[in-house]
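First, one chain by itself: the form predicted on its own, in structure tokens.
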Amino acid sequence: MATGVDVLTEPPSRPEIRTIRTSEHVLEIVSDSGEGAQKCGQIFGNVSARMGNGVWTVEIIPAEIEPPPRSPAGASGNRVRIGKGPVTNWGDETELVVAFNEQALLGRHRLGALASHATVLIENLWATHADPGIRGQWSEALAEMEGSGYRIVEVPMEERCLTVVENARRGKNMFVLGLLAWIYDRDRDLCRDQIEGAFRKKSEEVAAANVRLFEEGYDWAAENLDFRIDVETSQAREPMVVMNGNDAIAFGAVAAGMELAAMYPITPATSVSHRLGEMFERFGGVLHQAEDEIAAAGVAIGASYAGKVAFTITSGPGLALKTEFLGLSIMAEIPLVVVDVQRGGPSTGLPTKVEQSDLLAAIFGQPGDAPHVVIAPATIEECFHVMVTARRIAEAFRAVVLVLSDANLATGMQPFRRPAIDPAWLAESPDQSPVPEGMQPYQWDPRTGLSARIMPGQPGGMHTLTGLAHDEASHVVYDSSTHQRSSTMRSRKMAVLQRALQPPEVNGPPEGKLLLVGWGSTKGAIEEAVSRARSEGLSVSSIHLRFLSPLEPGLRGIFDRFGKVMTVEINYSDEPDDPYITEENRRRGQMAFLLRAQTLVDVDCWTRVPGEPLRPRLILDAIRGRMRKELMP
């Protein structure tokens, strides 16, 4: 057997069970696509959250819809981090892995996802498989992982599942949930309830079989495993909910009084519409699946023009297709909310992987001067509340509001305080009273650039609407003075909004040697890295931006109190010492580019595009490296 990989092919003798007590733990369930590892992780995370653990989950999704079975690149599953207190990111390396085959395990090994002391529970079918090719793959995989230090325990998943169901491939995920429930001492009744809820749309027989599979896994673990993991729970003092970011966006849209959602299916945004499809009609909403991304934007704009509260959902490639219609909405000043769940690019890029590379496209990706609002939620809870904020701004400012989520928030699951629904979040009924005589459809206030929204059907409000340049009466005109004035008014609204914003809060001391700047889903990882760095005596703080266009005020004053400012982002930047790279041609992180232009501060950047969320340890290493560089003569 390969040195450094401890493989237990038979149940270990265990005079006593070793209990690992820890404040947090990271586990993964990985399989071929279609074997249900993601559902297993979702239920485990949900149960853990309901028991009082902090939880953050990240789905491991292959780029292809149906990748070849038993391939390292086809690993599918879920990574779950649980802790005694709040958990804000997916952590560093995985400490426990349940793998349905050695190829899925190998894929995670090659990505450096596993800790050197990781325990691996793996299906025992492959080492003695009838196919010599599969046996060879098993041996080659173990040889490649030689020296890793993993402890590998073989588990008869298929053998035990076949005692309950005819197709073990459709049962291993609940068997594995039973293993995990025993290892982490999860509430069995709560697990059963979650299983029955997950299969509620299928027959009672199917739900009962999955409960039996869970019990089978639990019993096998109790009889054969020699370790348990104890992560202390802490019951919340107030009601909590557990959901992922896409669900939070859907619920937030309902709470905001949204009336129409138009979309075309695109990964990883589609599940927003799945959740809306389950409930939207009960609240008077209409979910429209258009024939393409362009039509989806057009439907939402048309509904908004007619007085409805409308939004459209997409991801990067879809945002590109919506560009022309968004320009129409900006020119005609029709309120519109656009949700962009970012993924890796360019083009179709990395459909299932996280990235923050749509920022500049979201802000500047329009022909002509087209000012609009861009907001990026930083947590799953904020994915809920951002929809209320976006709706209110869109209608108050007759503006396009673009919400930048990402794949990490979209599929990550986390508990947060149950929102106390406020009727003030809802949109007011359209004003159908007669338009005052002489009032024009674009009667801009010269100080604010704002004008009243006239609804179709309002007496006295008839006017022509196009995407062409227009004056206050909505007449098409091309003279220079009118174009200058209308451009000024559209821009001034952004300045008015910026004056209403608060400066970002500084996480840590208000001054020091290094300030990190983040946005979007990196917040938890950045703040954990900053906390670790400060415990080492390093002078570092951070801020996190939500409003990206217009930017939050006071940034220059905050930056001036630190020796160096550095963004942390999941998009590409050149390294200063790369071949041919100079200060003049270096491509910097997108937020760094924006901040340098807006503040004239020499903002540096540390960015990575790994196709996965950033790990706190890697950010900490970047902080250490930056601090060492600053101390060099």
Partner chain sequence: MNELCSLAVYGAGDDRSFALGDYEGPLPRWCPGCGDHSVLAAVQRLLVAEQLAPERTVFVSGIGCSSRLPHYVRTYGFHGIHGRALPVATGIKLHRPDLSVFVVMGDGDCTSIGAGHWLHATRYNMDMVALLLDNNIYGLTKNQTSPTTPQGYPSNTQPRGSYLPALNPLEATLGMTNASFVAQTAEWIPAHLFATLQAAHRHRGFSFVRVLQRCPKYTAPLFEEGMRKPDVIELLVHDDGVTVPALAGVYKHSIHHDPLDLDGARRLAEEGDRIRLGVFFRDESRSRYEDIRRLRSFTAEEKIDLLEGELERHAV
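Residue numbers count along the first chain shown, from 1. Remember, it's a predicted structure, so these values are computed and weren't measured experimentally.
This next part talks about the form predicted in complex with the partner chain, which is not shown.
ask   = So which of 517-525, 426-434, 176-184, 87-95 is the stretch with heavy atoms within 4.5 Å of the partner chain in the predicted bound form?
value = After filtering at 4.5 Å, what remains is 426-434.
query = Among the candidate residues E291, E505, E205, D189, which is the single one with a non-hydrogen atom no more than 4.5 Å from the partner chain in the predicted bound form?
reply = Comparing distances to the partner chain in the predicted bound form, the residue within 4.5 Å is E291.
Residue (of W126, F547, W444, Y305) lying close to the partner chain in the predicted bound form, criterion heavy atoms within 4.5 Å = The option sitting close enough to the partner is Y305.
message = Considering non-hydrogen atoms and a 4.5 Å limit, does the partner chain approach G298 in the predicted bound form?
response = Yes, contact at 4.5 Å.
message = I'd like to know if Q484 sits close to the partner chain in the predicted bound form, meaning any non-hydrogen atom pair within 4.5 angstroms.
response = Although the partner chain is absent here, Q484 would stay clear of it in the predicted bound form, with no heavy atoms inside 4.5 Å.
inquiry  = Against the partner chain in the predicted bound form, would F283 count as a contact residue? Criterion: heavy atoms within 4.5 Å.
reply    = Answer yes; at least one heavy atom of F283 falls within 4.5 Å of the partner chain in the predicted bound form.
inquiry  = Considering non-hydrogen atoms and a 4.5 Å limit, does the partner chain approach E278 in the predicted bound form?
reply    = E278 belongs to the contact set for the partner chain.
ask   = Can you tell me which residues in 460-482 come within 4.5 angstroms of the partner chain in the predicted bound form, by heavy atoms?
value = Counting only heavy atoms within 4.5 Å of the partner chain in the predicted bound form, the contacting residues of 460-482 are G461, M462, H463, T464, L465, T466, G467, L468, S474, V476, Y478.
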